[in-house]
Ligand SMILES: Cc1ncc(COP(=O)(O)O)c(C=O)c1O
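Just the one chain here, the form predicted on its own, laid out as C-alpha cells.
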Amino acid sequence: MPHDIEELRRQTPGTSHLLHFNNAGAALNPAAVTTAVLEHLQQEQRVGAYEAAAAANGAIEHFYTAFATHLNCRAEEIAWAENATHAWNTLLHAITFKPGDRIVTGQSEYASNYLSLLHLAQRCQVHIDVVPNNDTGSLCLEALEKALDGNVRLLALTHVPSQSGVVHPAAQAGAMARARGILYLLDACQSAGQLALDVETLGCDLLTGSGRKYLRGPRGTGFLYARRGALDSLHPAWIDMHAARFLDAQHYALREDARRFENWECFVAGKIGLAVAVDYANALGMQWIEARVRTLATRLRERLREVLNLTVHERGHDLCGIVTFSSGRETADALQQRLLARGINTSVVRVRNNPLDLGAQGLGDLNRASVHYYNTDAEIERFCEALRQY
C-alpha cells in the first residue's frame, strides 16, 4: 500500500534541514526510535539502570519477536550484537574448522570480513577461495558452483556490498550450499532494512546485520540470526553466565537458543530503540520499502548519467539503493566536502576498504549516494543540480 511520504518525513526530523543520501552509512532515525532510546536513558537516570531494565523487560524481549517477524524465523534464532562486525565475527569463530578446510567467499567482501578470514586461515590452516564477479559486478554463479566442490566448510558472502548497488544472488547461492550440506553465512549489513529478507528463501544458516544503516536504528546496535538446526554445531569463542549455565566445577551447558552468542551486559536503550526501528519498518512493509528504494535509486542513476564528466559505476539489473559514481573534475573527497557544505550528506567508498573488488576493477575511491524511502524526486533534482555547479 502507498504511504504518505510527507508524513514519513515529518516523523524524520533530519529531513527538515538535510538532504541525506548517506543511508548506507547511517540512516536518519525516526523520531519514535530516538524517543525510545532517550526515554530509557532518562529512566535509568531516575531509578537506576538495573531497575529500569527490569521495568522494560517486555520492550527488551520484543527485540527478538520483532526481528523474527522481519526475517521470517523464530525468536529463539535471533540474538543481539553490539554491531554487525561483532555479530559476523561471533558466528565465524563459533564454527569448528579443521586444517585443510576451505572457506568460499566473494570478490565483494568488505575488508574487515576478509581480514577476519585471513586471520582465521593463519590460525587454523584453512584455505580461502575467492569467487569472482561477472561482467555486471554480480557474483558469478558458474564460478561459485565450481568452487563449492570439494572440502568446503563455509560459504561466506555479502548480500549487498558497501561499494556498489549490486544485489548478489544470495538465494541461488543458498540453494547451492544447502544441496551440498555447506554452512552458509550471509552478511546482510547493507540489505537489512532496504530489501525484504526471508531467511528461508535466502537459504542461509547464519545472517548478520547492522542497526544504524537502512533499518534506521541507533548506532552501536546489531543483530544475528542462527538457524536452529545449525546451533548444535556452533560453539561460541567466549561465554558468560547469560550464554551458558553452570552445572558443576567441571561442566556447563550452553543455552539452546541463539542467545548463546550474547553477553549479559548490553546497550539496553539501543536494543529497545532497534526493536522500535524494526517495528517501524515492519509496519510500513518491506515490499513497499524495497520497491520505493529501488525506484528512487533508478531515478538517481538516470539523472546522474546526464551530468557532464560524471561516471555511474553500477551495471546490471538487480540493483538497490546504493549508487556509486566518480567525477572527472574532482576527487571523491573534494566532491563529498563540496556537497556537505551545501547540506547534502554522502560518503566516500575507499579502495582500502574494498580491495578485492575495486582493485580488480582498477578503480580509485568513489563517491556514494544511498537513498531511502523518505527521500524524494525533488531531492534527486537538487542533488544533481549541486553536482553540475562545479
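Treat the numbers as computed from the prediction; the structure is a model and nothing was measured. The first residue of the shown sequence is 1; numbering continues from there.
Another form, the form predicted together with the named molecule, is not on view; read the next lines as being about it.
Mapping the unseen interface onto this chain, C189 counts among the residues with a heavy atom inside 4.5 Å of the named molecule in the predicted bound form.
Mapping the unseen interface onto this chain, R216 falls outside it, with no heavy atom inside 4.5 Å of the named molecule in the predicted bound form. In the predicted bound form, the named molecule sits within 4.5 Å of a heavy atom of Y110. The named molecule in the predicted bound form is approached by A84, whose closest heavy atom lies within 4.5 angstroms of it. The stretch from 120-128, 236-244, 152-160, 265-273 that comes within 4.5 Å of the named molecule in the predicted bound form, counting heavy atoms only, is 152-160. Between the options H313, R212, R301, R260, the residue in contact with the named molecule in the predicted bound form by a heavy atom within 4.5 angstroms is R212.
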